[in-house]
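Read the single chain below, which is given as structure tokens and is the form predicted on its own.
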């Protein structure tokens, strides 16, 4: 992070702007909204800035720049089209210990202006460390289209009720639960449609109900699929529940970026397993789920892929149901689907493959699989957790009649930026896997459809 995003109180504080053109005008509009005391240094002003001057909203020095004009300022903005002047302003401000922004010149700046979404008192600032203001503006436009115009009124309303809510619900977990319901419930809906009177009635009813339930709040668990790796594949529902959870139990394949989308003050517990090593036994994970939920907390069980596809989600759901713990299952994009899509392999394809099978060959279950069925040619088979099982899988498929020339593909770290796709044949598969030094997670896809893998992301057997 090259810049720390902060919000600064500029009310009645002096900000000096060097430059009275269109660029300076845009910055001054923001400064006026922040109720700063503004001094503009420029021989000329735009008509809009001249109107602000005449209305007494800013002071104007019709002069060329000189360093003493910065004395007493809290911030300085250089908004001229002359590089020498901007350099002089930057040096003079730094010499005085004043934070300076040179518009569109990050190297000469101590701070930069973000793109702003204004739903006061809710303010959202978007920055790119000065690398692409156009991108920041595009993101701002996208966010503005998602946020209701009255969202700021919702924030102000919540502020007025913070004291009464804290008095009724002094325990933080109960208070957080109340506010989560507030922003997703009838009070927010009424405020966003302008029904303030109805919102007051609903708010008081909700607070009375929370008071009655205080101290006996039951916990709940969210079994959440985090997808194959790319954080953009996390569902909206998953992100919403991560923001509500008091405790997050996560697997080793859950990326730091996805984990960062949990509530900042949530307790985060790593319960991941490494193939061949069971650092946290499943029984212990079950105990943790029950322990935290029975304390009245909201627990997110965050799993790579989908919790019900080789994720032991069914086992955990059974334990929770037996204990009477309310549980929400949030599906995720399973690794097989993510790997196929990101590498351009259609799992089914007309005239090539009419069926697809997801399977794991790990542990004792591998020897019990219907290998004759898996070796049937006109289908696609996706082997999960296969990096350490390649030799065994190849031997079993060959033993049941699948030809050495049958196509196959290995997809390492599917949907991640460093994803690798290795296309080959069954006969060359084991040697290719050893030469490639595959890392977990790796999926093996066996079938004619692998010949359709996107060439740009493919390494063939001659390149490994």
Ligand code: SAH
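Residue numbers count along the first chain shown, from 1. Just so we're clear, the structure is a prediction, and the values are computed from it rather than from any experiment.
Missing here is the form predicted together with the named molecule; even so, the following discussion is about that form.
Only one segment in the set 329 to 337, 110 to 118, 139 to 147, 282 to 290 has residues whose heavy atoms sit within 4.5 Å of the named molecule in the model of the complex; it is 329 to 337.
For the chain shown alone, residue 385 is a contact residue for the named molecule in the model of the complex, at least one non-hydrogen atom being within 4.5 angstroms. The closest heavy atom approach of residue 310 to the named molecule in the model of the complex falls within 4.5 Å. The named molecule in the model of the complex comes within 4.5 Å of a heavy atom belonging to residue 443. At a distance threshold of 4.5 angstroms between non-hydrogen atoms, residue 413 is in contact with the named molecule in the model of the complex.
Site annotation in the model of the complex: the residue of 253, 320, 266, 297 reaching within 4.5 Å of the named molecule with a heavy atom is 253.
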